[in-house]
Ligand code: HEM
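Encoded as structure tokens, the following chain is the form predicted on its own, with no partner shown.
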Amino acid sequence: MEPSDDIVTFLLGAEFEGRPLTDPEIFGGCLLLLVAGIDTMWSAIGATLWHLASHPEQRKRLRDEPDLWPTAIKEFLRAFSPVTMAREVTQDTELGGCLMKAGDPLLLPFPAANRDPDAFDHPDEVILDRALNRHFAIGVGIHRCLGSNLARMELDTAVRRFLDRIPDSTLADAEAVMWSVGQVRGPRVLPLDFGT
């Protein structure tokens, strides 16, 4: 029987600092793989549906221009980045006049970086055909999310299917929309009117 090349088999044979991974480490890795995309993706999907509910011209463009979907998905991820990464300061330092001590928690605001006017023209606008879109929504370089391709596919599939079945949804009550706070951001309450 040929050895498998899946991630679980990889973890079973992996080593850390010259020793095999322990069962709790393997279980933790598998659990992370299972749940990591749940909160983030329903947040990205919800934020995208929230946006499209109040932008009928963009819903129409997506229906009329199917080649627009790949750039639109990248743009939704940029504009509504669901994740803010947390790290720990490793040594006392100062950045931009802010003193930080070793051990302090630190949030890396990917959503803010994705709205940097030095990197994006009209950063607060959702531009479905944005050509230059090097966002950080799913990490970058060696820190790119392991599930980034799956995440884009899930967002694409969910939003397309929603618009296919419910092409004219609108916000039923904009004041009732409730957003989460913390490391994962997205609408937790999103009352939509599906039209007739």
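These numbers come from a predicted model, not from an experiment. From 1 onward, residues are counted along the sequence shown.
Below, we refer to the form predicted in complex with protoporphyrin IX containing FE, which is not included among the displayed structures.
*Asks:* Can you work out which of Ile127, Leu171, Ile26, Cys145 has a heavy atom no more than 4.5 Å from protoporphyrin IX containing FE in the model of the complex?
*Replies:* Contact with protoporphyrin IX containing FE in the model of the complex is made by Cys145 alone.
*Asks:* Note which of Val89, Ala112, Met85, Ala119 lies within 4.5 Å of protoporphyrin IX containing FE in the model of the complex, where distance is taken over heavy atoms; exactly one does.
*Replies:* Looking at the other structure, the residue within range turns out to be Met85.
*Asks:* Check whether Gly46 has any heavy atom within 4.5 Å of a heavy atom of protoporphyrin IX containing FE in the model of the complex, and answer yes or no.
*Replies:* Heavy-atom contact with protoporphyrin IX containing FE at 4.5 Å: absent for Gly46.
*Asks:* Using heavy atoms and a 4.5 Å limit, would one call Leu132 a contact residue for protoporphyrin IX containing FE in the model of the complex?
*Replies:* No.
*Asks:* Is Met41 a contact residue for protoporphyrin IX containing FE in the model of the complex, using a 4.5 Å heavy atom cut-off?
*Replies:* Yes, contact at 4.5 Å.
*Asks:* Find out whether any non-hydrogen atom of Val159 is located within 4.5 angstroms of protoporphyrin IX containing FE in the model of the complex, and reply yes or no.
*Replies:* Flag for Val159 set to no.
*Asks:* Tell me which of 162-170, 50-58, 63-71, 147-155 has residues with heavy atoms within 4.5 angstroms of protoporphyrin IX containing FE in the model of the complex?
*Replies:* Within 4.5 Å of the partner lies stretch 147-155.
*Asks:* Though the partner is not shown here, which residues of 18-42 have a heavy atom within 4.5 Å of protoporphyrin IX containing FE in the model of the complex?
*Replies:* Heavy-atom contacts to protoporphyrin IX containing FE in the model of the complex: Leu32, Leu33, Ala36, Gly37, Thr40, Met41.
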